[in-house]
Ligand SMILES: Cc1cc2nc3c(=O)[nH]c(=O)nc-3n(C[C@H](O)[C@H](O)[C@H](O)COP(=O)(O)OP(=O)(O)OC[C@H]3O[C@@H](n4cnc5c(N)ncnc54)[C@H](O)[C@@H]3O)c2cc1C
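Only one chain comes next, encoded as structure tokens, the form predicted on its own.
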Amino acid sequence: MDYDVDVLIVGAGPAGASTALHLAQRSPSLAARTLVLDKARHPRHKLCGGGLVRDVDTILEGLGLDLQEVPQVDAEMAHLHLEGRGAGVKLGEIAFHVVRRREFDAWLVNKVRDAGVRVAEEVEVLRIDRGPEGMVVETSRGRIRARAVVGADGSRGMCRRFVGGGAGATARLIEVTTPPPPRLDPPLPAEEAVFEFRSIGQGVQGYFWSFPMVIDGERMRNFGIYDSRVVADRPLAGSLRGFLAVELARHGLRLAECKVEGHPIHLFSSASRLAAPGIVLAGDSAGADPLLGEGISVALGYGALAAAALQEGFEAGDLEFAGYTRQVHKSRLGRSLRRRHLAARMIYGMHQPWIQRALWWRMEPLVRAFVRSLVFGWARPPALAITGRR
């Protein structure tokens, strides 16, 4: 395979698919000269809690897509708890949807194909170089010459290493999926979700989660633990597996009887570099949400920003992308991510139990307002535009 294209998108997850779909909407002629690569073939397994907040609905609606086409379950309420007490939050009529990433991502890739953008799967990127007339990408199936590249290949992808973003903590998470457990702790309706922060005092810079989900028509439950590591000098008093085992036991589950999977997540930082001449980053390559590790709506938002940068760069004949990092940080998405980074450092840095209890038990209205207004709800027009050009 030996393509010459204007735009090469590396990675066909939500960030890469969003870039392609927004590019097809903004500049169909440029989208027709675009190629999306992925090293896997969809549908493929992808670790993720699968929570889709209301910003996902907003972005997909703007693309003319119907999320109801994807199998899902609604988490009616999200409880932000410390030791079983805290605030219940909804983002509209529900808290969020829960999907399986293998189904959601495959659906998005099919929409990319429907939009007329070429997709090549099972193609691994081996090397990226900048040549005299653009980017030269060596793959497992040949060399591709592209005038511009979008790096949407994830936390450990080659594109982020090429750009040299550097900054940003590396979070960790592990998760399990089980049939409905013998009990839920606290005893909540099966359709509700929990974020439990009780382990912050032991150095976990994050939370334990419990989400409802559906797999092949069967009710299931997804459990996991997220550790942001945004406060570098706070040691972990134990292992994530150990903390997860304790939390699962509260629900009558034994970790030893579950299939445990995990992966790292590159987090957003205001100091990160998100572009270099000829290449821009999107999705986890650019950085996920440090507060909750939420990455799907963020990835879709990055895709819109990357598509706008591509369109404007080609129209201006300038593919240096010198202003892309600053433009992302100035966008509503970027401002939301900066707020989440500051909140993560504050909340996970205040490990004293009495401070945590005051926050989660005594400040429920403040917590709800912060989550509804300052963390989520950023994806409304013109949230995703860099210049406001339509």
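Residue numbers run from 1 along the displayed sequence. In this text, all values refer to a predicted model and were calculated from it rather than measured experimentally.
Below: the form predicted together with the named molecule, not depicted.
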Self-check item: Location of the named molecule contact in the predicted bound form, chosen stretch of 246-254, 73-81, 180-188, 277-285 [non-hydrogen atom, 4.5 Å]
Solution: 277-285
Quiz prompt | Triplet Ala169, Gly203 and Pro290 all within 4.5 Å of the named molecule in the predicted bound form via a heavy atom | solution = no
Self-check item: Interface residue in the predicted bound form among Asp227, Glu294, Glu196, Glu192, criterion: non-hydrogen atom within 4.5 angstroms of the named molecule
Solution: Glu294
Exercise. Check each of Arg234, Arg221, Arg101, Arg130 and return the one that places a heavy atom within 4.5 angstroms of the named molecule in the predicted bound form.
Key: Arg101
Exercise. Using a 4.5 Å heavy atom cut-off, state whether Gly51 contacts the named molecule in the predicted bound form.
Key: yes
Practice problem: Considering only heavy atoms, tell me if Arg357 and the named molecule come within 4.5 Å of each other in the predicted bound form. | Solution: no
Exercise. Indicate whether the named molecule has at least one heavy atom within 4.5 Å of a heavy atom of Ile265 in the predicted bound form.
Key: yes
Practice problem: Would you check, heavy atoms only and a 4.5 Å threshold, whether Leu23 touches the named molecule in the predicted bound form? | Solution: no
Quiz item: Counting only heavy atoms, which residues in 123-138 are within 4.5 Å of the named molecule in the predicted bound form?
Solution: Val123, Glu124, Val125
